[in-house]
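Heads up, the chain below is alone and in the form predicted on its own; it's given as structure tokens.
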Amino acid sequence: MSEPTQNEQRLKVIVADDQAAVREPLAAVLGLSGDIEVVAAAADGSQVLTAVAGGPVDVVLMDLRMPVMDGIEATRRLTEEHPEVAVVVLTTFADDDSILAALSAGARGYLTKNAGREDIARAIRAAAAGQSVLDREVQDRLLATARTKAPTPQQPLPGDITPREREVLTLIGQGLPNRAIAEKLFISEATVKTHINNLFAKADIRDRADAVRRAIAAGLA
């Protein structure tokens, strides 16, 4: 029998939540996904760092409010010490301070606990591939916050941005996820990701939250 290819290997995930009643069922449910393997469960940020040090780990599914070391500090430490490990926040909190703190600390995804198993699995896969996934409620809050803080006058985009990349940025600025952008533009989700990667590189955009701010600053949203 041949060895599994890289694409067939399962993503190694840590589930971090201080409540065992949340942590354990979530780990069990994610384990049902054929491409995801939960390699550890942690009750606080310190346990996350210990588990990651024992590696290998691809993604940490991180709660924010935990004892000993909270999810924000753990995310910041992971970003500094293990930048190859992606963090997806899964929390009940969707306030501006929590969202911005998590994204600033380096989280690639932010979901509320209303998210279903497939939404969480999709966010894990996206984070492992270097993409950002934000819950729709989180996108709406970021959009509202960015609009109140958008810099003036408008900031133009680099001249080498293509018309299609401009369309994609416009739709990101409206809060649409990749799947909705693909449907809107009649292209595949993979093509949307390619446009986003190119756009982020050309315009020096850090993440999806930054993309929303840039769309508003450029007068696209």
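Small disclaimer: the values here were computed from a predicted structure and weren't measured. Here the rigid core means the biggest group of C-alpha atoms that line up within 1.5 Å when the two forms are laid on top of each other. Sequential numbering from 1, following the sequence displayed.
The same protein also exists as the form predicted in complex with the DNA; that form is not shown, yet it is the one meant from here on.
- Though the partner is left out of this view, residue 156 does not reach within 4.5 Å of the DNA in the predicted complex, counting heavy atoms only.
- Proximity of residue 187 to the DNA in the predicted complex: non-hydrogen atoms within 4.5 Å are present.
- Looking at residue 65, you'd find every heavy atom of it more than 4.5 angstroms from the DNA in the predicted complex.
- In the predicted complex, the DNA sits within 4.5 Å of a heavy atom belonging to residue 194.
- Stretch 159 to 167 is the answer when you ask which of 159 to 167, 66 to 74, 29 to 37, 51 to 59 has residues with heavy atoms within 4.5 Å of the DNA in the predicted complex.
- If you fit the rigid core between the shown form and the other one, you'll see the Cα of residue 211 move by 2 angstroms or more.
- The Cα position of residue 198 differs by 2 Å or more between the shown form and the other one after fitting on the rigid core.
- Put the two forms on the same core and the Cα of residue 181 is off by 2 Å or more between the shown form and the other one.
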